[in-house]
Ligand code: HEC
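Take a look at this one chain, the form predicted alone, written out in structure tokens.
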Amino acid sequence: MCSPRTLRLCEKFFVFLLCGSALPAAPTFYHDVLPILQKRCQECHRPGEVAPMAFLTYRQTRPWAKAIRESVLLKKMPPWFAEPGYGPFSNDRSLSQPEIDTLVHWAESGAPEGNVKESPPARPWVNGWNIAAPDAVLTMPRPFPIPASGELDYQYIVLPGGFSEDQWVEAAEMRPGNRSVVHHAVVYVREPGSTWLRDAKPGVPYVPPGQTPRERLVAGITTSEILLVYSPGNVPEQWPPGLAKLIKAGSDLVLETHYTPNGHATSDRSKLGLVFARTPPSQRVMTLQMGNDRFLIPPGHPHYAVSVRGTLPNDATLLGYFPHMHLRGQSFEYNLVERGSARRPLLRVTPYNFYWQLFYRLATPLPLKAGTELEFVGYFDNSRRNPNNPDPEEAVRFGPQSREEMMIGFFDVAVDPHMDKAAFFLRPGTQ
């Protein structure tokens, strides 16, 4: 017969066995981790893309297990900066808590490989692109040389489209030849008959006339439609079925590129890929923008607000947002101004990250009536606590260089497919 002490020891032993058997098995790479990487990470973490390491195989991923754990716990990766409570967004990169727990548990368990037979099918990728195989590729005819140091004006390069008929574009991607020196780029559609940049020769880098960089930037301003905006970390433009952008027959595409030297003399030869819609869309996508170029950020100011307001001239459906600032950018918000000047926040990007400038695409587009008032507010940290601040002792104005600042809120809308940009900005009753 067991003594009371022995019974207690037996009870503890069986409890230990039961608890031990209830512990979940450590996640394995093939069964648990790889599906997350395919869904959330491989877009950037594969050869030829923006990330410096690939996460396609166990051998590629295993050395980074501890770094993955740290990055997901701190929510540094995947990059996503929209505050919770807005959206939802169709391109939300953020990990769910179960996904974070899986990656952390995997790393803390020694990053086991598991059974390769449990591996999901490889996610298909088009070599060299993040869109489907392009129907057309336009490439800079020659590399653009970039010195090791200094500041460069915006370069405008006209790429003849060669389109003999109208083309509806459902996906577009700009691929810099050298990401390290491309600060950002805007691709415009210059329609036939436009006098914008009329002195620019096809394929030859062009700088608009002016005495200062600001004057030359202003001289390059256009009302032409924007096909896409490229920035570090952003993903290609891909619109849902029934939505597309229009390139009219005979149009040219213009690359407006901001190059920033990186300490080594180098060059860039960017290219543009286009995927055409197989059927005419039900709505046309247009990229609009509101910005403020009349501000002065005081030296040392930790939270300086710059705002802009405007009203929609016609009905439109809001599709998403793309805020743009420079190194002092702290946060950015899009607001809908309602009756009595009350503001309904649509999106708050906090923190704003100059090195990961993202487009936030609404999962459910928002219909807006003509006359709807929008307000965009950018906040800037010009203090010493901002580690990216080029000079906290300097008062900062609008300008093209990274040491200067910009405050631009881009946003996509969908409109009737027969409406062009000029007609959209004619308010009802003024035609």
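Predicted model, so just to flag it, every value in this text is computed and none were measured. The numbering used is simple: start at 1 and walk along the sequence shown.
Keep in mind that the form predicted together with this ligand is not shown, yet the notes after this line are about it.
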Inset, instruction - Find out whether any non-hydrogen atom of Lys76 is located within 4.5 angstroms of this ligand in the predicted complex, and reply yes or no. - result: yes
Legend entry - Contact label in the predicted complex: Ala51 to this ligand, heavy atom within 4.5 Å: yes
Legend entry - Val72 within 4.5 Å of this ligand in the predicted complex, heavy atoms: yes
Inset, instruction - Would you please decide whether Phe295 lies within 4.5 angstroms of this ligand in the predicted complex, comparing each non-hydrogen atom pair? - result: no
Legend entry - Heavy atom of each of Arg40, Cys44 and Trp64 within 4.5 Å of this ligand in the predicted complex: yes
Inset, instruction - Considering this ligand in the predicted complex, find the one stretch among 255 to 263, 188 to 196, 315 to 323, 90 to 98 with heavy atoms no farther than 4.5 Å from it. - result: 90 to 98
Legend entry - Interface residue in the predicted complex among Pro236, Pro176, Gly233, Gly291, criterion: non-hydrogen atom within 4.5 angstroms of this ligand: Gly233
Legend entry - Of Ile68, Leu374, Leu34, Val377, the one that lies within 4.5 Å of this ligand in the predicted complex (heavy atoms): Ile68
